[in-house]
Structure formats: structure tokens, C-alpha cells
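Before any questions on how it binds or moves, here is one chain, the form predicted alone, in C-alpha cells.
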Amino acid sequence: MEEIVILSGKGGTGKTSIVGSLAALAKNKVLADCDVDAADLHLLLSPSVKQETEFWSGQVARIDEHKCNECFLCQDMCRFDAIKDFRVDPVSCEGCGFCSHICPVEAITMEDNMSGHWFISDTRYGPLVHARLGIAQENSGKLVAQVRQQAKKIAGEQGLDYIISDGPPGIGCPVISSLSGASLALLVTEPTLSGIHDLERVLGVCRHFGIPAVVCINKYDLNEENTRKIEDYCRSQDIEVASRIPFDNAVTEALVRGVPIVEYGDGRVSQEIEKLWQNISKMLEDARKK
């Protein structure tokens, strides 16, 4: 199977909209939403949840009020100010366990923390694996790894050809977790100064892990001078610009109706996304032949 991860380096570039369209165009695939901190692919694909599983990660301190002698030691020593009036604030607690080691009466224990949920769902385009991280919870990189693991399991069991993953923005731990071991990274950027800057950063991450990458310039006609700068930069880095997608209000209209743009109309945006998928398919096919 081939795993394609769509990244952006920053939020708001139209990454999820493109993933939704690729979901409609690609055959024999499983979809994965690796943006577990702010998952939104399900808003476009309207999945029907088949399986929901708790995600446990990290620990939180708990004080046994029957054992506690109220010596104030844990409260004074907690560097995160997570203990007030001999109660632990689970949002502030970092799970370091220091308080449990210094408690003279062993009244503090560390309990496993339920950090979120992951789901296996059906959509009109095929199976979708997605997740929801709890409020103020951490370890999103581990939850991303769980989502990818389940997507690979489904692809293996059903003999699917592709895993198409909607990656998180930025270059942090969730991005690294979603990118490592992938077949290809599609980097979606826009012709702004921040878009150019963040493209350079996420491309650096791809190169560090040896993942081949292609670029898609979304809303390229909003600033064609910056578009040329992106193209010049990609040429200097020997990176292919696989598609230039124009700005079109039809994209917003399609989102409001809850359908990918390629199913909403046969305009320039749909044509460019179809061209994008053809280019990606050809690159993966050429890589297999080598």
C-alpha cells in the first residue's frame, strides 16, 4: 500500500478541502485524519461511526484524603501549581509523579489518564480512521500513531492500495508522527509570506526523514508574484509543483453543502485537483518501478 500524507506547515491553507476531494477521486483507499488536536475531516465526509475506543496516555496524580495528613509538602513543591487545598487539578497536573515520591504518608498515587478517543467509521468514499484528543490533553503524537496503525491494519485486511492522511499543521511532534514512513508528502501552501516560510520548514522535516515531497499552491492567483517565488524556490530545491489551484468561491459553497469541490462542479478548481491526483498517482507508480 502507498501512504500519502497531506501537510501544510501552517493552518488554513485548504489542506482538508483537498483531502476531501482526493477521497472522492482515489479508488481502493482508507482515509485517516491525523490532525487529532483539531480534527475536521469528519465535518466534510459525514462518517458513520462503527467503532469508538478510548485512548489512554500519561498519568495524573490523585490524593487519598483518608491517608493525607495535610502537611502541605506536595502543594509547596509542585512546580506546576497543580495542587490546591490538597486536591489535584487534572488540567494543570503534568503527570511527573514527583509529589507521589515525596509524600511522607504515601497518600498520592499516579493514575492512568484517559486522553481522548479514536474512531473507525464508514463514509461514502470508504473507511475513515479519526480521533478526538481531550481538552488540554497531551501526547497527540501517540494518538496520531494509533490512527495510522489502525488505517494500515484496515488497508492490509481489505487489500486497499492507498492510505490518504490529512496531516496536522506545523512541524511539531504530531507532524513527525504522521509523516515518518510515508510514501509521499503533499505540501499544500498559499502565496503569502507566512505560507512560503512554513513551506520551507515542513520541507525540511520531510528531508530529515527522507520522505519525497511535492507541492500544491492553493489560491495561487491571489498573489501571483509570491506564487512565482514559491515556484522558483521549489525549482531550486528540485521539488515538483504538482498543481496550482485558483481561488474560487465555489469551494466555500461546496463546503457549506458538505461535499468535496470535485463533486460540486466541473470548474477550474476541480480540474486542477484532478490533475493533482493524476500527478501523484504517476509519481507513486514511477517510484514502484524503480
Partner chain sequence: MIISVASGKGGTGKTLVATSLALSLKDTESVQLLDCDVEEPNDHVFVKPVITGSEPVHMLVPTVAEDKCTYCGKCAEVCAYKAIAVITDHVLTFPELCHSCGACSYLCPEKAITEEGREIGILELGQSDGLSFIHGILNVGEAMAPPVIRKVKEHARNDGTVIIDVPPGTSCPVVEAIKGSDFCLLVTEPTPFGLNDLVLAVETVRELGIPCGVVLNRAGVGDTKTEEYCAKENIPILLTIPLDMEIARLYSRGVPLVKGLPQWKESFLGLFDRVKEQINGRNRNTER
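Positions refer to the first chain, counted from 1. Owing to the predicted nature of the structure, the values given are computational and were not obtained by experimental measurement.
Only in words, not in the display: the form predicted together with the partner chain, which the text now covers.
Enquirer: With a 4.5 Å heavy atom cut-off, would you call D37 a contact of the partner chain in the model of the complex?
Expert: Because a heavy atom of D37 falls inside 4.5 Å of the partner chain in the model of the complex, the answer is yes.
Enquirer: Can any non-hydrogen atom of G126 be found within 4.5 angstroms of the partner chain in the model of the complex?
Expert: Judged by the heavy-atom cut-off of 4.5 Å, G126 is well away from the partner chain in the model of the complex.
Enquirer: In the model of the complex, does K153 have a heavy atom within 4.5 Å of the partner chain?
Expert: No - in the model of the complex, heavy atoms of K153 and the partner chain never come within 4.5 Å of each other.
Enquirer: According to a 4.5 angstroms non-hydrogen atom cut-off, is A26 in contact with the partner chain in the model of the complex?
Expert: Looking in the model of the complex, residue contacts with the partner chain do not include A26, since no heavy atom lies within 4.5 Å.
Enquirer: The partner chain in the model of the complex: within 4.5 Å of a heavy atom of each of G116, P212 and E231?
Expert: The answer is no; none of G116, P212 and E231 reaches the partner chain.
Enquirer: Sort through 178-186, 117-125, 94-102, 154-162 and report the only stretch with a non-hydrogen atom within 4.5 Å of the partner chain in the model of the complex.
Expert: It is 94-102 that comes within 4.5 Å of the partner.
Enquirer: Going by heavy atom distances of 4.5 angstroms or less, which of S48, Q51, T252, Q237 would be at the interface with the partner chain in the model of the complex?
Expert: Contact with the partner chain in the model of the complex is made by T252 alone.
Enquirer: Among V88, I171, A145, A107, which has at least one heavy atom within 4.5 Å of the partner chain in the model of the complex?
Expert: Result of the distance check: I171.
Enquirer: Across 1-19, which residues bring a heavy atom to within 4.5 Å of the partner chain in the model of the complex?
Expert: Sequence-ordered list: G9, K10, G11, G12, T16, S17.
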